[in-house]
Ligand SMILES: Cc1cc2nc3c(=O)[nH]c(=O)nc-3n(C[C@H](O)[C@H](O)[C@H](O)COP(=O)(O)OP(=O)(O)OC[C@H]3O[C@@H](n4cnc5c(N)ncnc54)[C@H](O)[C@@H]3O)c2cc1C
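The form predicted alone is given below as one chain in C-alpha cells.
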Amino acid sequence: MAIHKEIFSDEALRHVREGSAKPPGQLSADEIPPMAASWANTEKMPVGGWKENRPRYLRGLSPCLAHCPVGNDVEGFVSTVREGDVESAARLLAAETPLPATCGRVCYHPCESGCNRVQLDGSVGIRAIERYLGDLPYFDSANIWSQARPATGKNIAIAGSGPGGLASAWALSLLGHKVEIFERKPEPGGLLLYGIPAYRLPKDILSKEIGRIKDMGVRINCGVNVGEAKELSKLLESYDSVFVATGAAKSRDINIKGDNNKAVYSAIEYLSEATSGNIPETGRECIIIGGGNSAVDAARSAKRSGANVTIVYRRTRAEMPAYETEIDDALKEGIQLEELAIPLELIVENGSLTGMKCLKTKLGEPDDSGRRSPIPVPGSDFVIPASSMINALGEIIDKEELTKNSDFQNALSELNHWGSSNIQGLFAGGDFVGGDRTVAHAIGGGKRAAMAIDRFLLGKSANPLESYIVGGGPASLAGYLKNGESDVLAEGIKTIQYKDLNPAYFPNVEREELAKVLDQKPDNSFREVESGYTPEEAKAEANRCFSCGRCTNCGLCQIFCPEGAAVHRDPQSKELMIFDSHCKGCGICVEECPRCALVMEPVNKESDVVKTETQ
C-alpha cells in the first residue's frame, strides 16, 4: 500500500527526502497529512496483544556499500554530508581508506553502478563526494584516523608501494605493527604514480596521501628490487610476515612483424615515462592497440604531446573495457577510434615506422569474457599511417620475474580471499588475488590481507575474519578494529534493491556533474581535467541519496500508524524505532517507509509486549 505523495506539501516532502522530517507533534498544519491521533491516555487500551507479526527497525545494506571494493561506508559518509557534518563524514571515510582523494579521482565507482537512484534519475555522484571529502584539510591531521592499537613489536615487509601495498601498510600500522615497504622504482606510488597520467591524478595529491602514511611510521625504501626468490626468502627470515603487492607490471606481447622497432612502446613503458615528465617521441601519427583504460590513458597522453592519435580496437566501442566517461573524453579531445580492426603487421621503411596493416573484423558469438568474439574478414586489409605504436593489450603478473622458485610461484598462484598463501608468513594482494584489477580492488585487498596478517601474527584463528565481510566481498577495517562493533557490520538482512523502496517520496533531481576542461587542441598540458565539488554542490548531490536501508527519523511510520504505536528512540541507539503494545501488526509503516528500514517479523508472545508510559 503506497499512500499518494500528493497528500504532502512540498515542504513536508523535502523533509522526508532529506531525512529531516519533524516528529508528528512538531508538524505545522500545512505539513501534516491525515493521521490517527488521540488526545487521551491510551495506556489501558492495547490492541496488539493478538498480533502474529510485528514491525522492527533493521538496517539493511545499501547497494553502494555492497558494491564498493574498498568497503567504505558509502551511505554513511554521503548522508553525513547531507546533514552538514563534513568532519564526521571525513572520519567515516578515513575509517576505511587511506587514499580518499586519489580514489575520488581515479576509481571506476562501481558504487554508482549499484546505486538504486540509477532507476529513478541517475546515480548519486559518490566518487565526486569522496573526492570532495578527501581534499578537505581534516585529512592533514593524524587525528582523522581510527584509534591505533598498542604496538605489538611485530615487523612486516611489503613488496610494492602501489595502492595495495599502501593500503596494507596503513591498516597494519593502525593494528599496531611496524611496516617497511620496498619499491623498485625511484619514487613510491606504483601504478598510481607511473601508470595514471597527471591530468587524472595530480602528483601533489598522491604525494600528500603517501606522506600521511609515512607520518604513521611506515618506512618506504625506493630503488630496491626484492622480487627475486632469494630476496623473498631473506625477507621471510628477517621479518615476521611478508606481503607481496607488486602488481601486474608486464605487457602482453602483440606478436606481429615489426614489433621490435624503436618506435614501438608498451603502454606501461610509455605511461611510466610520460608521468615522469619524459614523454617518449611519438612523431605525428600515433596508433594505440587495445581498448582498456591504459589504452585510453596512453592515447590522451600522446595527444597532449602533439600527435594525431588513433585507437585500434578489434571489437566495437560498446565492448571496450575502458570507463565510458574516459572514452567520451578521449573522443572529445580529438582522438580517433578505429573499431572492428586487428593489426597484421607494422610497415617499416629504412628503419622508420610508416604505417600499420590491419584487417577488418566482424562480431560473432560471445566468448569466455561474455563479449562477442571478433572474427577476421578475409580480404579486408587496409593501412593506417603510423610513426609510432603503443601496445596496450593489457598487463600480466610476471611471476618468473618476481621469483624463479617454483614453491614461491605456486604459493602466489593459490591465494585465498584474504591473500594467505601456503607458505607460512607469506601473503599477497592486489592483482595476485584475481578478479578486477583496479585501484579500489587493490585497496580492498590490501586491507583484507592486513587483517589476515594480524590474525597470523597474533597466533589467532583466521575463521572470525568472515564476520567482517560487507556485502559481496569488501571487508571493514573499522569493524575489525572495534571487534565487530560497526554500523556497516549491522544485522542487515539483505542488500536493499530499488523494488524494496517507496520512491513516491523522492522527486526527480538532476545530478551535479563535475566541470571538465578537455584539451581540444594539443598543448602539452597535463593539468587536471576535472574540477571538484564546491561545498554547496557536494551537499546538493548528497541530498539525492536515498539512504537505502537506514532510518533517517523521517517520521512517516508515526504519521501513518493507525494506532499511534510507533515510538522513536535515541538516534544513537541501534534500535532507532520501537512499536508499543498498541501495534496490531498491520504493516502500513513497513509499506510506507521510503528507505526499507523496517521489516515485518513473527512475534515472540512471551517477551515481545512493549509498554509505553503515555500516549
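Numbering starts at 1 and follows the sequence shown. It should be emphasised that the depicted structure is a prediction, and the values quoted were computed from it without experimental measurement.
Same protein, other form: the form predicted together with the named molecule, not shown, and the subject of what follows.
Asker: Specify the contacting stretch among 310-318, 357-365, 268-276, 383-391, defined as having any heavy atom within 4.5 Å of the named molecule in the predicted bound form.
Answerer: Selected stretch: 268-276.
Asker: Report yes if all three of Glu183, Arg200 and Ser294 come within 4.5 Å of the named molecule in the predicted bound form by some heavy atom, otherwise no.
Answerer: Each of the three qualifies.
Asker: If the cut-off is 4.5 angstroms on heavy atoms, which of these, Gly134, Gly419, Gly479, Gly162, is the one near the named molecule in the predicted bound form?
Answerer: Answer to the contact question: Gly162.
Asker: Can you work out which of Arg91, Lys539, Arg437, Arg304 has a heavy atom no more than 4.5 Å from the named molecule in the predicted bound form?
Answerer: Only one listed residue qualifies here, and that residue is Arg437.
Asker: My question is simply whether Gly430 lines the interface with the named molecule in the predicted bound form - judged by any non-hydrogen atom within 4.5 Å.
Answerer: Close contact exists here: in the predicted bound form, Gly430 approaches the named molecule to within 4.5 Å, heavy atoms only.
Asker: Using a 4.5 Å heavy atom cut-off, state whether Thr97 contacts the named molecule in the predicted bound form.
Answerer: No - in the predicted bound form, heavy atoms of Thr97 and the named molecule never come within 4.5 Å of each other.
Asker: I'd like to check something about Val218: if you look in the predicted bound form, is any of its heavy atoms closer than or equal to 4.5 Å to a heavy atom of the named molecule?
Answerer: Close contact is absent here: in the predicted bound form, Val218 is far from the named molecule, nothing within 4.5 Å, heavy atoms only.
Asker: Consider Phe408 of the chain shown here, and say whether it contacts the named molecule in the predicted bound form, taking contact as heavy atoms within 4.5 Å.
Answerer: So Phe408 does not count as contacting the named molecule.
Asker: Since the partner is left out here, which residues of 365-384 would have a heavy atom within 4.5 Å of the named molecule in the predicted bound form?
Answerer: Result: empty, none.
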